[in-house]
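One chain is shown next in structure tokens, namely the form predicted alone.
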Amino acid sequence: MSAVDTLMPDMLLKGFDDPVDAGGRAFRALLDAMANPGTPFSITCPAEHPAQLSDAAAAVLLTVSDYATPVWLADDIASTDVQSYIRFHSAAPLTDDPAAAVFAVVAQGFEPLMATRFNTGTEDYPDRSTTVIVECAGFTGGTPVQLAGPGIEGTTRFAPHGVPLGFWEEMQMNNAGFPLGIDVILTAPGHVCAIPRSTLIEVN
């Protein structure tokens, strides 16, 4: 048995103070974000979270992952603290294979997203693709882009700061494969914003 498996609950960081109520409010924020691409929404966050995750990313994982949804973590996020936190609070199994992940987490920084390494679904089951949580510094101050598509009235402008190198070019290629492709949830302190595979992107 590993050291992670033998950790006692009182050694772990707390999750949601009220898992049912807080989890429900966090899930509503995610639904709103997916329905309104490029629009940030505040999200109810857990009482504590590992230093390698933002409070919003921790909230997303605790809300959507469970024992049946393998989670892949980028190397600079996959600390023992994060792994223990996910295993205890959501019971989600961790995988080393990004293509096997239902959810994945990519750190803020300059490493490329490499979207094609994840599961993009199949023609029969496009909804079985990976949802990738991408950490950001914030939702302003980055490269401005124009978004259009389902859930957006006309167009909207968006400029998150701290997304991976070449992120928007990868998102354009991701959209070109629709209905296949990954869905992306951007997280910044206390907030979430979604870029579904159906979103059209113009880099300005």
Partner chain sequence: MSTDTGYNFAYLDEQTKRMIRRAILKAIAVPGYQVPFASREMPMPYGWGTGGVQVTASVITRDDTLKVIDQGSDDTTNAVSIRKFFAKTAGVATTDRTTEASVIQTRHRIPETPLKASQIIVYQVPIPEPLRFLEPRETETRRMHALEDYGLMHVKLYEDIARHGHIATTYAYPVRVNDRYVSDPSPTPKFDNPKMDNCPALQLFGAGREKRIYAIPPYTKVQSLDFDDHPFEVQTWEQDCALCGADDTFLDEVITDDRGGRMFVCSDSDYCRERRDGGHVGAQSPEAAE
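From a predicted model like this one, the values you see are computed outputs, not experimental measurements. Residue numbers count along the first chain shown, from 1.
Heads up, the form predicted in complex with its partner chain isn't pictured, but that's what we're talking about next.
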Proximity to its partner chain in the predicted complex (heavy atom, within 4.5 Å), stretch among 133-141, 161-169, 59-67, 46-54: 59-67
Might residue 124 be said to contact its partner chain in the predicted complex, defining contact as any heavy atom within 4.5 Å? yes
Does residue 40 make contact with its partner chain in the predicted complex, using a 4.5 Å heavy atom cut-off? no
Determine whether any heavy atom of residue 173 comes within 4.5 Å of a heavy atom of its partner chain in the predicted complex, and answer yes or no. no
In the predicted complex, does residue 108 come within 4.5 Å of its partner chain, counting heavy atoms only? no
Residues within 4.5 Å of its partner chain in the predicted complex, restricted to 152-180 and counted by heavy atom: 152, 153, 178, 179
